[in-house]
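To begin, one chain is listed below as structure tokens, in the form predicted alone.
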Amino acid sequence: MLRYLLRRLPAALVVLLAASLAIFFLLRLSSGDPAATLAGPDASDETVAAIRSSLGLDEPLITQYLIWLKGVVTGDLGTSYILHAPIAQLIGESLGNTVLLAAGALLLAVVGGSMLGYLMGTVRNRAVQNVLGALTSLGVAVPTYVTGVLLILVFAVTYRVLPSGGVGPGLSDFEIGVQYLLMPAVALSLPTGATLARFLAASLRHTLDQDFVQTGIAKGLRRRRLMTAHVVPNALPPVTTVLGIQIGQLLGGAIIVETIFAWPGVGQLLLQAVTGRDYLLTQDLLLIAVAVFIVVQIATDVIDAAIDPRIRMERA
């Protein structure tokens, strides 16, 4: 396994380098000038030029890129243009809230998606399958911002049983913290859980049609043992791969959910950076997102290998 990880490391570094180039230069192609934004609409050209010089934006683009890349490698992420605070500090303060939200949403998605997918894949009643299929289609189709607004209208405005936004005390007061976490986690988890359910159901149906399952039935294996020891392990590798991809989409959806529920996380920070033309903060956050996605994909491959011995043999 260690040898496999070492083989993946150079490719991961190349992807990160390519991503850093794309992020840096695509941001420069976007409209707007950070110096003009900071100076205000009534600032003179001399004031804008002075701000641009103080931020290093008057340097050649390749020089700016190399300075930024050096800072990333050495851990010096720089200072935010608009928030006037060290970027590492800003990310550290908001990262915990985003991790809490993403972990809660992922837990709900995996548990709910697994239960729903197992039922869809094993229940033979056509009416039940149609109802479950309609529910998962609805979960995939409805955007998170629609789900979030509906949850607020029902549970925060109409019945007033849950807070409409904010992060509350976090997990320091578990009962109250869960109340603040529940609605944003549910809104964020629904598309991921529905997608997992559909893929798990399809994988289970495919596995149940395999010859080794019929052989197990012919030998008199109990259904519970057949499912837990043979069918489910063989159906999981494609689902874990999809889960790895869905985690990336879940992190992207966190930006919308954090905005709707006033959740002070990395998504809110990224939105502030983009609207304020804060190049440094935007670059750092996007590159961190790419790094997290790469780590998740490698972890997914490792989990697949742990579940399926055939994958371990291919990588040996």
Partner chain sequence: MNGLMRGLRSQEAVIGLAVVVVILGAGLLAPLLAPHSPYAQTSETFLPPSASHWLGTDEYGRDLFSRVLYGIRQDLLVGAVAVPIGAVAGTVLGLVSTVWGWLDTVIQRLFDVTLAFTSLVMGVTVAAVIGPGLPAVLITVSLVNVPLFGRLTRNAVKSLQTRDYVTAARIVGVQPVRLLFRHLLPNALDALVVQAALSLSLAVFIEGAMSFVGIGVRPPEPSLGSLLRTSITFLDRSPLYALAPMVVVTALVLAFNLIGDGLNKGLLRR
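Numbering follows the first chain given and starts at 1. Just so it is clear, the structure is predicted and the values come from calculations on it, not from any experiment.
What follows is about the form predicted in complex with its partner chain, which we do not show.
Of L107, L208, V142, V99, the one that lies within 4.5 Å of its partner chain in the predicted complex (heavy atoms): Flagged contact: V142.
S53: heavy atom within 4.5 Å of its partner chain in the predicted complex? The answer is no: S53 has no heavy atom within 4.5 Å of its partner chain.
Counting only non-hydrogen atoms and a 4.5 angstroms cut-off, does L69 reach its partner chain in the predicted complex? No, L69 sits far enough from its partner chain in the predicted complex that none of its heavy atoms falls within 4.5 Å.
Touches its partner chain in the predicted complex: I152 (any heavy atom, 4.5 Å): So I152 counts as contacting its partner chain.
Check L26 for me: does it contact its partner chain in the predicted complex (non-hydrogen atoms, 4.5 angstroms)? Flag for L26 set to yes.
Within 4.5 Å of its partner chain in the predicted complex, do L204, P237 and V239 each have at least one heavy atom? No, the candidate spot makes no contact with its partner chain.
Specify the contacting stretch among 212 to 220, 130 to 138, 226 to 234, 69 to 77, defined as having any heavy atom within 4.5 Å of its partner chain in the predicted complex. Only one stretch passes the 4.5 Å heavy-atom test: 130 to 138.
Would you give me the residues of 107 to 126 that have any heavy atom within 4.5 Å of its partner chain in the predicted complex, in order from first to last? Stretch hits: zero.
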